[in-house]
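This text opens with one protein chain seen in two forms, each one given by itself as structure tokens under the names structure 1 and structure 2.
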Structure 1
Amino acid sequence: MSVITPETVTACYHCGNDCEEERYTIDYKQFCCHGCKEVYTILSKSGLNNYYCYNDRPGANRAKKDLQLDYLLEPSIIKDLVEYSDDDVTIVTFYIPHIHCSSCIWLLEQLNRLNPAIYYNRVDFLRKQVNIRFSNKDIDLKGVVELLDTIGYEPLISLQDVIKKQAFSRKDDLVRKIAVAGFCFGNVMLLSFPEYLGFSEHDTSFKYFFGWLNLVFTLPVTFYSGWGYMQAAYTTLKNKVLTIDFPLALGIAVLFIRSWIEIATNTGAGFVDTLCGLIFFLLIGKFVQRKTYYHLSFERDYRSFFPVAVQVIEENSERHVPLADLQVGQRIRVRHQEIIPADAILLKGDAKVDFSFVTGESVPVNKTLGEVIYAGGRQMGGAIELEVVKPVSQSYLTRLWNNEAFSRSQDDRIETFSQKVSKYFTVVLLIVAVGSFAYWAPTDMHRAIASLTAVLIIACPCALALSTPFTMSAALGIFDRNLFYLKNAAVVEQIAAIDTLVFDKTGTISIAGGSNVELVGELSVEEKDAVSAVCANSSHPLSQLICQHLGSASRDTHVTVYNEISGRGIAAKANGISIKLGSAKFVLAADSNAVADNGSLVHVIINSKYRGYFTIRHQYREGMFEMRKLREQYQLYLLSGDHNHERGNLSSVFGDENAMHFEQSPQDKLNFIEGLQQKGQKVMMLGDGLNDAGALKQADAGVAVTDNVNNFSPGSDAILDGRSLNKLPAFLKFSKDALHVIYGSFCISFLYNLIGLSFAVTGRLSPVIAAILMPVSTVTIISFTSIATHLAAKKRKLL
């Protein structure tokens, strides 16, 4: 191995990152860090070089991390994490965020070649999970995690992993039902084909035999595959609500009964093919609707944010304790980048805590010894020691999340177009059916019954039931391509109805931790040291950023005079140097807002002489300032937990100062959304942290903005990758386009129904006409929705 100074930027053979600072070379291949090189070495020695054949540079960056995995030796934690364990075998499933390509699947399924103690492992690519079965006698749980980490696939183990009940998704046998319906439908079509062409007089025995075979196929299709529609119709009727399930169930029942009567009495061929085809296509539509994004979790809470265990200091040694067992009075150690798990007093160390995810405050906050630090903050810096003052169940973060307002159910907030139409459709259908029966009954009872059943059969809203799922499926697929992930199809309609947009700031429209500080002017080393010492005494975010930029002051620097005027600036003296820094109005007595083109200014006077200013610019996401165009159609608001030092900069987007609200608590945000809704406004909330969780839940459409969709984000209706925030105007327009496509597909399906009804009301509907109309209308709807949705996406430049 040799380390050489890079002359040109080269991509790492393992992870693809640029080898900027130094590169490691082995086998004429170059790596960005020692970790990536080690992974390659391990795979090469194990004969697993095929890993690199499936994709170019498939691995994740392997920069060295200080993993603390001893907690995986604690029996109580192991018991909660594993799915099964006996004297010989343990089965466990891990969530691995780094799974992203076919190479990952291939390598993870070769674990047994790296360690024979692994018996079996299978990867669920969509869920980014790997299920592992291993020998207890030859390797333990910690060893399995270390093995995964060694090859670059460190599992993400959070508190939610030990709360299994939330992890289980609803399971049913939809695929099996589709398979049964499809098998029966195919066979029925085959057996019905002679009926379509007409039997000769010599073949009547076959006609009778084929008819009974068809009836046998209707039993599993109706009472297994289609039974769910019967149950749904019964439930909705019981709740005195008319949905599209009722005419569907009615159509299925009539098709089944009439087919059995006609074939059993040898008076007709029945509508068995129509019945089987109807249920098969309906189930396909349901599958398409349900298939979307099950791999993303839209229902997450603070447990996904918290670790499984915490290090407790006892008698000068550390031991890992499950978070649920953490007691008041225990002394804990929290290291760099770790979450503070419970409200605690700082006993030792320099605490610089990032609360951006909990409160929205963008700047890490310094804490002094003896100060209480609330749960949920992330320590940035060296290890600190704290004493727990409240159990996890009563900590600030847990109480916040368990607040009734934050956990209320907001399902079915907007009645979908399909639900609205279904009410009227069902009523009209029953009127036409009863009317046709009443018209024919006085003269021809047989024809009256035939017309009644025919209307219920032909008007069965198969195409109506399919138009929404197929349109929404196409729309969701387009949103997916553009990194906007919706919880379900109904969210598209929720977004289309929005007239008000409310943005969080830090992490949503600005990049968390992304601030640039620049000194315009010159300060000597002693002066910088003095300014840093003065700023360290202030909790104002701009002071903290300047302090970070200048670095920590030396221990010999002492602040002897300190006077801070809130919102204006600081006058102080450090090591005999007089310092005045703050707004232009405070420092220069100038009538200025002290705002740069894209940020804030902090002016500096040293010993009564003006020495320049610091410019502090927050990094906003691409296209953020183009959002001002949305004000033509939507009301825009900003709700931030941060200070108001960006007010002037953001006024170009949000306009009226009344549209911007700073230093908002989570409850304030939720109350603000409620206030807008009480005025009749339909609100979309865009946020990223726990402090936005209640507002996201309360809004008519809650959108969690994140830089990594697989990392923790609050429960929401949609997850938007931060890179696509600039496409928000296009997403809003496209959601309206999708709704228009549904309107169009409903019109087409109504047209087919009118054609069918013209045969049905006369009582002359033949099985052939029904068998032709049903699949033709279905194919038309699917084709129309797919083509129209894609054309709309191209118009909005989303394809």
Structure 2
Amino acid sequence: MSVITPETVTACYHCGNDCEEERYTIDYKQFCCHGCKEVYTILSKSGLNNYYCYNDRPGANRAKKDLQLDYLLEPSIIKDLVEYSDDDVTIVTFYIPHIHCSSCIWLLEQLNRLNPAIYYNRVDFLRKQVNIRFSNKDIDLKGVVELLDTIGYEPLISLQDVIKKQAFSRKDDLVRKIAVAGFCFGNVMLLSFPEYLGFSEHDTSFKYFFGWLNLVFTLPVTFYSGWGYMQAAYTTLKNKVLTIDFPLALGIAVLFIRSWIEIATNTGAGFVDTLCGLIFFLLIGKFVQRKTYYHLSFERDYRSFFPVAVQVIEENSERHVPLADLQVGQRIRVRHQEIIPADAILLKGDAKVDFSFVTGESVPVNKTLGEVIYAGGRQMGGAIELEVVKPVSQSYLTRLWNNEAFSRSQDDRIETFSQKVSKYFTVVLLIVAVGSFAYWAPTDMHRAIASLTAVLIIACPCALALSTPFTMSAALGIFDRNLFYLKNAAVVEQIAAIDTLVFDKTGTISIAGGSNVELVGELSVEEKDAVSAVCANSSHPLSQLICQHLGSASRDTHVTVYNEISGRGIAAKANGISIKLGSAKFVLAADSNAVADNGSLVHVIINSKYRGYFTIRHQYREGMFEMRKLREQYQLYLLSGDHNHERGNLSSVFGDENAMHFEQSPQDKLNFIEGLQQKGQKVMMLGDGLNDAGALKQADAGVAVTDNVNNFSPGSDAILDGRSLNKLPAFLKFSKDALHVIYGSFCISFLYNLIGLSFAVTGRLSPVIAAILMPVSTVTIISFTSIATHLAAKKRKLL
């Protein structure tokens, strides 16, 4: 049936992987595995072949899947997952990491053709979510998840669905406030034109009409859209701090009162359009500042990493229990690839636990019966049974989350530049205002009041309040393009302020699990067997890697003598072959000229004869070794949960020995950062796993490095795609540039204020001048910040 010659490697019609071994062919189409073929069959049976029309090979590889979904039948778990449920209908939103193209949208919105029990489904592409409404009677939650899984869209289920939470928190009425302010601003501008252009004598009745209409528009603008500034100013005054909100609120209040008095007493035109424009632009600035990459989650804790439910073994039954309800003393079963949810004692089974989540060490560790296994490890063998010894919230790993680093508010960590300036600004503003009042008061009381209010109006720091958000959001956009996603605009300033960089190793600067072992020298098959058997006895990560590389020894290899000296090597005898393995110091004579190499070396002596060495190279991320240039300006530290077998390799980047710290527990990392901060250093932490979560939170800027930004990454200030790690120096420089742009825009803003003040202190500020000056300064600031930021990005080659 196949028309393709066996020599050509074809790409799977479903997922695009190479079809290697067996051919799965149907309808003249090639599939790499049975899973992919199954999905195709299901889709074509239901007439959903359009899936393949919109994109080439849109599917996910389905080669290995072993889903345990029984927990989705447990009512207490269902309750937490669904959004709404009654007797007929359930609504649920799933996060599906695989959503990546238009085909995905199309297929996921056609679910009812696969199962009519599903009424409605809508995809949110950017958030990679699908919202599903289904009939309770005909299908259950487990069925829905299974259906999604059969077509290759396995949802990632977590009880802490942060994406949902973020969506809720965004639902304030900022957009509505902007709409109201913009609406009024537009109308007021139109109605103010006749006033500025002048009325003829017999049109004065229009003047009243327009004036009063304008005043009506000030009401919603001041008391709805701008009310937040009044409240903010009130709270800052109560707390006896001066922020930029105070002069803003003062300006708004003066504009409002003076406009009402002038128009009501028919003494002037008021400053209604300045008032509306001011609030409108301020809210726009707030909106821009708020712009975040909401499809990424920056606030994750251990609950997103741990399983949703745990299988608890009771006397004669097994049931699924939500993670939070897990109690000390319960017996639990953990299957292959599942994560151990709480500190527990191993009771039964062959435990081979991958602790890369916790320590960064990626080689699985064997555990013996009766040993305590810490939470966060991933079981790599068959099912094991454990007895819980500590509640989830107090286990070794999750204790971190009780640290104060997690409870403190993230946003007031550093005083931003504009906060610092606005203090002085407010003081100077008040002095100028009172001064001009005092100057005119003895001679001309009317003029004195006019100049006092005019100063407060014209100096209202609109441009000042806008320059930071607009610069930062332009910077945010540029970072985003370079796969560096920041939580919010304030993080740019945090990054600009740092002087110390702390790196985690595995997963951050090296690729997790990516190490290659190479044997330099020749070994016979028996010798290899013997070496492998010896290494199998050792839990040292290098031994484990060598063991993996050589393959497991044949059964009749017996290790007769075994002596391991930790940190140095192994002397052993297997099948009559005496073997010495380890560091150059241990294996060779102390002063031998050990071959200089970048990787870690394990030398081998067999029967007293030097036979060569194993090189073990970790795969570092691209550009990692360029980081050494950063040493000129920053202090670099390495914090690794790993053993120190890469020390030599990394010293070219981190320099002296004190900068590298190995075998650090998550708590150690947090403490280390805290120690640096107490010395007054501003620390940026780059880490990847759950084990870095505490340090990431504690650091002044926590950056989660990840290969796939849509996977779960620990809560942090920023998420960096691993491919862009080499751009880190440019990022750091650029964040400083952004700060310079802010300084520049502040200068411009002050210039405008000076021009305006020169009108104001003399008491000659007319509404027209105010109405022109305010928007012009705003537009200048916004265009200056975006142009300057883009130029800076070009200079740093980020654009």
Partner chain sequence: MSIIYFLIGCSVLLALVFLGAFFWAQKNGQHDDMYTPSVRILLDEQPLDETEK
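Here, residue number means position along structure 1's sequence, counting from 1. C-alpha atoms forming the largest set that superposes within 1.5 Å between two forms make up the rigid core. Computed from a predicted model, the values in this text were never measured in an experiment.
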Structure identified as the form predicted together with its partner chain: 2
Glu526 C-alpha shift between structures 1 and 2 of 2 Å or more, rigid core reference: yes
After a core superposition, would you say Asn575 shifts its C-alpha by at least 2 Å between structures 1 and 2? yes
Note yes or no: does the Cα of Val328 move by 2 Å or more between structures 1 and 2 after the core is superposed? yes
How many Å does the Cα of Arg319 travel between structures 1 and 2 when the structures are matched on their rigid core? 3.8
